[in-house]
Every structure is written in structure tokens, then in C-alpha cells.
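The chain that follows stands alone, in the form predicted alone, written as C-alpha cells.
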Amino acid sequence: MPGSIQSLERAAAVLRLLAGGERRLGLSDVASSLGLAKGTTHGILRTLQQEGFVEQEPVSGKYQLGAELLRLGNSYLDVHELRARALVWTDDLARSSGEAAYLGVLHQHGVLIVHHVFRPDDGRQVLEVGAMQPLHSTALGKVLSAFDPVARNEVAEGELAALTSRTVTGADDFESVLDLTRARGWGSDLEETWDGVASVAAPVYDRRRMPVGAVGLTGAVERVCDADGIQARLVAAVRDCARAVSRDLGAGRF
């Protein structure tokens, strides 16, 4: 079994030290508490500061935990609460629609699937929890990009890669897609990510009325779509599911 990485162990020790006891510590305090040389300690603190995990007070020069660490902690708690609140409702969505249901959140440059309910039939299916999906082509990704400014920025900084012949790859065209998604309150993917597959998704909000994820369903085009696109009953089912999860998260009625 490979050994631990010493630099990471030391960085973790610095964070634990700053998290307990006195909230602000100087360079000498951190170095002496951990038994490290000042030069080594300064290098670790500088790296953590660059990543936002540590902040340095301008006047005293002392260090404290940074906002990025708090954001990561809140994200962990938010995702677990989101998934817990969505379990029953996504089960109902899969059962009523006959299609696979998904719950996704923004993660780095894509959509992280945090919950997946299988299509209720005997067909072969693979659990996709932990899988990443693109922001620009999937229904989940479009919804996050339309309602979450952070996700929108991630898309703007990346490439709108053509995954199928139907993928929207132009910046102006993609902005129009986001405008439509915001106007109607849901997003769709009509063979833009995978040939023969269609999806529909809607945003989930928390008690602050902030978008924290998206819920949707995915299935074969011939089952999910009719002559007008995504079947209206499936759009309604997904939106009802998203509203129910949002209410359970404290968003109230909207």
C-alpha cells in the first residue's frame, strides 16, 4: 500500500490547528505547534492562502481559515441534504414516468450525478452516481447554467464541444437556449449529448431561494418525445418533482 504524502499531511495539520483553539495564529505559532521549520510552514501557508483555504489578516499578519474551506464544507452538507430530501420524490418520478430519474449538482466544470433511480423495468442499466455530465448539452446542465451564475461562468470559460450533430456549439445560440430555459422554467436535451436519448430537467432551490441542483429524467427519444418535443406530461412530472424537493429544502411554494 503506498505511503502518505508528507506535504498533504502537513497542510492538513495546519488546517486542523487553525480550526481549533485560537482562531488566528502567527507563522511562529503554527511552526512551533507543529514542530516544523518556519520556512516549511510559510510555504504551506502561502499555498493554502493561494487556494483560498487560509486567509492572512493584513494588520497582524496572523492566519485563519479561509472562505473556500467554508464553501467546501457547506457544499458537502448541502449535497447530502439535497440527496436525502430528493430520495422519495425521485423514486416517485421514475415510477410515474417509467424513465430513469437523476439528481445533479454543479461540480467543477460539469454536472455531478448525486442520485440515480433506475427506470422501472427489467432492462440492463448501470448506476451512474458519481458520473459527470457536460453543462452545455444535457438537460441538467442547461438548467444549472440558466439559473446558477457560477455554472454559467463555467460554461462561458469552457468549450461548447459537439457531442452529436444536434449539440449547440455557438455562444449566441447557447445564450438563446439559456434564455428559453429560464423563460419556461425547465431545460431539455434532444439527442444533443447522446444519439437516440432525450432528457428534461428543472431546477431545485433551497431555503434561500438559491439554485442548488437540478432534477430530471432521461430515456429513449421514442418514449420521451412526441411530435411537439418532450411530452407535456413528463415536463409536468419533472417540474412537480423539483418543486416538491425545493419545498422540502425550505424554499416554500413558488
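From a predicted model like this one, the values you see are computed outputs, not experimental measurements. From 1 onward, residues are counted along the sequence shown. Between two forms, the rigid core is the largest collection of C-alphas that superpose within 1.5 Å.
The protein also exists as the form predicted together with the DNA; that form is not presented, and the subsequent description refers to it.
Q: Flag Leu65 as yes or no: does it have a non-hydrogen atom within 4.5 angstroms of any non-hydrogen atom of the DNA in the predicted complex?
A: Residue-level check for Leu65: no, no contact with the DNA.
Q | Distance check, Arg223 to the DNA in the predicted complex, heavy atom within 4.5 Å | A | Judged by the heavy-atom cut-off of 4.5 Å, Arg223 is well away from the DNA in the predicted complex.
Q) Would Leu190 show up as a contact with the DNA in the predicted complex if we use heavy atoms at 4.5 Å? A) Because no heavy atom of Leu190 falls inside 4.5 Å of the DNA in the predicted complex, the answer is no.
**Q.** Partner contact for Leu27 in the predicted complex: the DNA, 4.5 angstroms, heavy atom
**A.** Leu27: contacts the DNA in the predicted complex.
Q.
Based on heavy atom distances of 4.5 Å or less, which listed stretch (205-213, 36-44, 182-190, 225-233) is in contact with the DNA in the predicted complex?
A. Heavy-atom contact with the partner occurs in 36-44.
Q. Would you say Gly196 moves its Cα by 2 Å or more between this form and the one not shown, aligning on the core?
A. The answer is no; the displacement is under 2 Å.
(Q) Arg46: after superposing the rigid core, is there a C-alpha shift of 2 Å or more between this form and the one not shown? (A) Yes, the C-alpha moves 2 Å or more.
**Q.** Residue shift check between this form and the one not shown, rigid core fit, Asp29 Cα at least 2 Å
**A.** It does shift by 2 Å or more.
Q. Any idea whether His107 and Ala12 get closer or farther by CA distance in the predicted complex, knowing it moves 3 angstroms or more?
A. It is closer: the C-alpha separation of His107 and Ala12 falls by at least 3 Å in the predicted complex.
**Q.** in the predicted complex, shift in Cα separation for Gln49 relative to Ala156, 3 Å or more
**A.** Their C-alpha distance grows by at least 3 Å in the predicted complex.
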